[in-house]
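Shown below, as structure tokens, is a lone chain in the form predicted alone; questions about how it binds or moves come after it.
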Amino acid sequence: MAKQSAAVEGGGSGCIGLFDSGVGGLTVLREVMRQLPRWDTIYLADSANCPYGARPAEEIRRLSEGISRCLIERGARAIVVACNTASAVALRGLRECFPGVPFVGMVPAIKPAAALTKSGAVGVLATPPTLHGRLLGDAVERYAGGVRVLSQACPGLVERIEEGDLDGPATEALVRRCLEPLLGQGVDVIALGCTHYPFVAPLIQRLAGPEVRLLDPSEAVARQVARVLPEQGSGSGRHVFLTSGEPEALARAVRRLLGLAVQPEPVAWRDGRLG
């Protein structure tokens, strides 16, 4: 990625930008809103290209760059890559491309998982790019000494969640298949390595049993956002939602998860740019 200007249009204290391939990043937005209530936010769901997990790495990098440029042009002072797949594939390049903007990415919660396990085995549920990405590998190498880290991909789960099927028979069967290899190896802590997966955390917990602890990194990500922002914020609690997909689908997800009635703005990809 070539370096781009990090100038922010519009002035003022700006806002916090967040993006995901779909609705999963709303779990991160919820924490950002709770911990940083004085900041305005702008959330972009690239639903036209969801899921990212099935796309080539170079395409994910290109999409992430285009989205980041769009958010910066709309006043983002910091950007949360609220997508584990995009974080694993594109985070390093985004920081090089937009050096004046802090980027906060998603990393599976290996450090707390390793500290909490009593069995010595922890699991990670994620998409294949996250499981094979450098961020996860670095976290395992740094924090998981003496602990077995068992990774499990969950193909198709993001699509079930995007469709709003959080606990139906098909979703339950899919989650059960993903959990069986981990539970069979004695894991007692599972890190949710995709921002979509907290939507089905109640289902995962029910199938895994009460003795297994689930970890969602959203709270830690929001704390990191607070650390990298240049000031305390002076917004009015205004939250803007953009989507390259169907606005009403995003509106339903926001209403269900955040309890907000919103009217997302549609944006479209044209020649590598969102407008």
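Since the structure is predicted, the reported quantities are computational estimates derived from the model, not experimental observations. Residue indices: 1-based, along the sequence shown.
Heads up, the form predicted together with D-glutamic acid isn't pictured, but that's what we're talking about next.
Item checked: Contact test in the predicted bound form: residue 196 vs D-glutamic acid, heavy atoms, 4.5 Å -> Taking the distances in the predicted bound form, the answer for residue 196 is yes, it comes within 4.5 Å of D-glutamic acid.
Next item on the list: Answer yes if any heavy atom of residue 217 is within 4.5 Å of a heavy atom of D-glutamic acid in the predicted bound form; otherwise answer no.
Entry: Outside the cut-off, so no.
Notebook entry, point to check: With the partner left out of view, is residue 50 within 4.5 angstroms of D-glutamic acid in the predicted bound form by any non-hydrogen atom?
Noted result: Looking in the predicted bound form, residue contacts with D-glutamic acid include residue 50, since a heavy atom lies within 4.5 Å.
Margin query: residue 90 versus D-glutamic acid, in the predicted bound form: is there a non-hydrogen atom within 4.5 Å?
Written below: Flag for residue 90 set to no.
Notebook entry, point to check: Only one of 109, 94, 187, 158 has a non-hydrogen atom within 4.5 angstroms of D-glutamic acid in the predicted bound form; which is it?
Noted result: Selected option: 158.
Item checked: Candidate stretches 137-145, 114-122, 80-88, 177-185, one within 4.5 Å of D-glutamic acid in the predicted bound form by heavy atom -> Residues of 80-88 come within 4.5 Å of the partner.
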